[in-house]
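Take a look at this single chain in structure tokens; it is the form predicted on its own.
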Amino acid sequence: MSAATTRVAAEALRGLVARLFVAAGLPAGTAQAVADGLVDAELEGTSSHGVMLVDLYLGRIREGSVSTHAAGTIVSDRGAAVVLDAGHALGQPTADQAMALAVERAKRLGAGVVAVRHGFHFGAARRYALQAALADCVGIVACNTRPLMPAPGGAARVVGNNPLAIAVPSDGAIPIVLDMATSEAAMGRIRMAAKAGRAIPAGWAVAADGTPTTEPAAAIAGMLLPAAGPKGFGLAFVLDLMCGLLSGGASGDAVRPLYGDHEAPYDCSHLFIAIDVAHFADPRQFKAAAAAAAERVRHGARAPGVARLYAPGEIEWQRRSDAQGEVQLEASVVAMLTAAARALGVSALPLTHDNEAGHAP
């Protein structure tokens, strides 16, 4: 383990993060939902969607652009089609609410579609797609972001790196789930590199003038590059329209910068779709066939020098298994969490001793 990192039990970290959000005004259950989402992302190796976001979330709550509401409000309900106004609440609890609605409608009607307006960052999209898969539904989740990528050949930001997750029910122990940003890399990974003082790989981003860069600061000020060029751009573009136009919410440059003015709502839009397998096929046969397909991927012929093949979602599952219930945090993230605990007057355990932080358990 690097001297610049700290290992901490995931359950203890969940407790700390939940305490921070309760102290910031969230109901206990809502705070726990946020903590679970952030810590699960850490366990799955997606730290860009993990506890590094606590400072951002708390800052926006403090400045008023994120509400402390526990749930969104249904503003349109037409059976299989629901529009939810999240009211600028934190994204994890409203995403849980939206996917639960989608699954409930799918069980009754075959499919459920919930479009969400006035939303906020919800962490890793795979989390909510998997909720549907665990209920024997195909789960589809999408979200739009502020413009971060140029059109092919363009020199201006015109579309976000809008994420997409699709989970498929399976009999296998390893979940089958696609979770991808439509950029070559997520902005959160670039911000993590900036905090750690590391360069980013070539091909992730360009500077503001369109020239290639490996400097995180130049990438943040510049533009992300779409995955697979025009294919990634096209997918990002239609996801933006689907999320924003179906919900009656923001799309394009009406979505504000996540790391921008903390007094201005982020105002993104989400889309949650659940498709009940039982309305189309025998769920047992479906899940067995899905598991067999994943096994064919894992046990297929490998190119020279390749030790292992992975089905979609397997790498995150393997990281979680390998983590053995512990999370490794960068020193900058530990310092941020400790400072937040001190500012909010709560115990910083497990990151400090109580007598060091000056707080009672």
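Residue numbers run from 1 along the displayed sequence. This is a predicted model, so every value here is computed, not measured. The term rigid core refers to the most C-alpha atoms you can superpose between the two forms while keeping them within 1.5 Å.
We do not show the form predicted in complex with another copy of the chain, though everything after this point is about it.
| So in the model of the complex, does D209 come within 4.5 Å of another copy of the chain, heavy atom to heavy atom? | Residue-level check for D209: yes, a contact with another copy of the chain.
| message | Can you work out whether G59 and another copy of the chain are in contact in the model of the complex, taking contact to mean some heavy atom pair no more than 4.5 Å apart? | response | Looking in the model of the complex, residue contacts with another copy of the chain do not include G59, since no heavy atom lies within 4.5 Å.
| said: Test of understanding: in the model of the complex, would P152 fall inside 4.5 Å of another copy of the chain by heavy atoms? | reply: Yes, contact at 4.5 Å.
| said: Quick check on E184: any heavy atom within 4.5 Å of another copy of the chain in the model of the complex? | reply: Yes, E184 sits close enough to another copy of the chain in the model of the complex that at least one of its heavy atoms falls within 4.5 Å.
| field | G172, G87, P265, G110 - the one with a heavy atom within 4.5 Å of another copy of the chain in the model of the complex | value | Partner contact (heavy atom, 4.5 Å) among the options: G110.
| request: Quick one: from V238, A196, A221, A199, grab the residue that has a heavy atom within 4.5 Å of another copy of the chain in the model of the complex. | output: Filtering the options by heavy-atom distance leaves V238.
| query | With the partner removed from view, which of 272-280, 255-263, 91-99, 124-132 is the stretch that lies within 4.5 Å of another copy of the chain in the model of the complex, judged by heavy atom distances? | reply | Looking at the partner contacts, the answer comes out as 272-280.
| task | Within 4.5 Å of another copy of the chain in the model of the complex, which residues of 47-68 have a heavy atom? Give them in sequence order, or say none. | result | If the 4.5 Å heavy-atom criterion is applied to another copy of the chain in the model of the complex, 47-68 yields nothing.
| Superposing on the rigid core, does the Cα of D77 end up 2 Å or more away between this form and the one not shown? | The answer is no, as the C-alpha of D77 shifts between this form and the one not shown by less than 2 Å after core alignment.
| said: Superposing on the rigid core, I want to see if F122 changes position between this form and the one not shown - specifically a Cα shift of 2 Å or more. | reply: Comparing the forms between this form and the one not shown, which are aligned on their rigid core, F122 does not shift its C-alpha by 2 Å or more.
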